[in-house]
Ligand code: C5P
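Quick setup: one chain, the form predicted on its own, written in structure tokens, and binding and motion questions come after.
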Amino acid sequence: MKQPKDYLIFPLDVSTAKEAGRYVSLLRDSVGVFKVGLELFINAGPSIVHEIHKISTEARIFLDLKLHDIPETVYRAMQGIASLGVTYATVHCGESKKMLEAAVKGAGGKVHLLGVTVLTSVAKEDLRWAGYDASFTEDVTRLVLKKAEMAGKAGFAGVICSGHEAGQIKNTCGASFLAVTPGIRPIWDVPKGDDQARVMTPARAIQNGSDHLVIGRPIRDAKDPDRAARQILGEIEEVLKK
């Protein structure tokens, strides 16, 4: 049975293996997945994956490198990722069906691939500037669903999406298709009048269909990161009881 900590992904948005190790040590009992992004991977190298596993043998690792290149390059890169023993890895849902299929082939069933649909930092104006059709720029969710469908047909395990889109993605791609959601703010960290439309509480995101929640700053900037993580687990546990 899925436990509350299994929902929680903590991004190791630091630049050194020492800093990353400190957070893994602090949070290994309250966080199910640790995310390694470009900054840490570039500075610490592939060995960071092994360092995390040394500290927490049960930790799952999400390698968030957002691959996007020609199919052969993505294939070979994903073979390397598959050899590291990570659970999840990201690939941009770009323009090429062959690239997505190459990523799946390179993963060889050893890594759950997550497609990057539309970054939460991208606004309608950015999509217009990039030349997207008006049907997508005026309805970003439509573009997210299109890219999620592309990833699903290629054999991906799921996508990165906002909590607002998770339910629709499940309806489009199936209940087992993973919806991994950033932009999560625990209820005690949502300021009054917050106008970030794609931000959501853990409970609401899970109710909407999110399978994993990426929560960084509210934990990382807390005086007691482990306590903050456990507060979030409490919110998740409450919604799972319903």
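All residue numbers refer to positions in the sequence shown, first residue = 1. Keep in mind that this is a model prediction, so the values were computed, not measured.
From this point on, the text means the form predicted together with the ligand, which you will not see here.
The partner is not drawn, yet in the predicted bound form one stretch among 25-33, 44-52, 59-67, 170-178 has residues with heavy atoms inside 4.5 Å of the ligand: 59-67. Comment: the ligand is not present in this chain, but in the predicted bound form one of 141, 83, 87, 120 has a heavy atom within 4.5 Å of it, namely 120.
Only one of the listed residues (78, 160, 151, 91) places a non-hydrogen atom within 4.5 angstroms of the ligand in the predicted bound form, and that residue is 160. Contact between residue 182 and the ligand in the predicted bound form is found at the 4.5 Å heavy atom cutoff. For residue 203, no non-hydrogen atom is located within 4.5 Å of the ligand in the predicted bound form, even though that partner is not displayed. For the chain shown alone, residue 226 is not a contact residue for the ligand in the predicted bound form, no non-hydrogen atom being within 4.5 angstroms. Not displayed here, the ligand is approached by residue 215 to within 4.5 Å at the level of heavy atoms in the predicted bound form.
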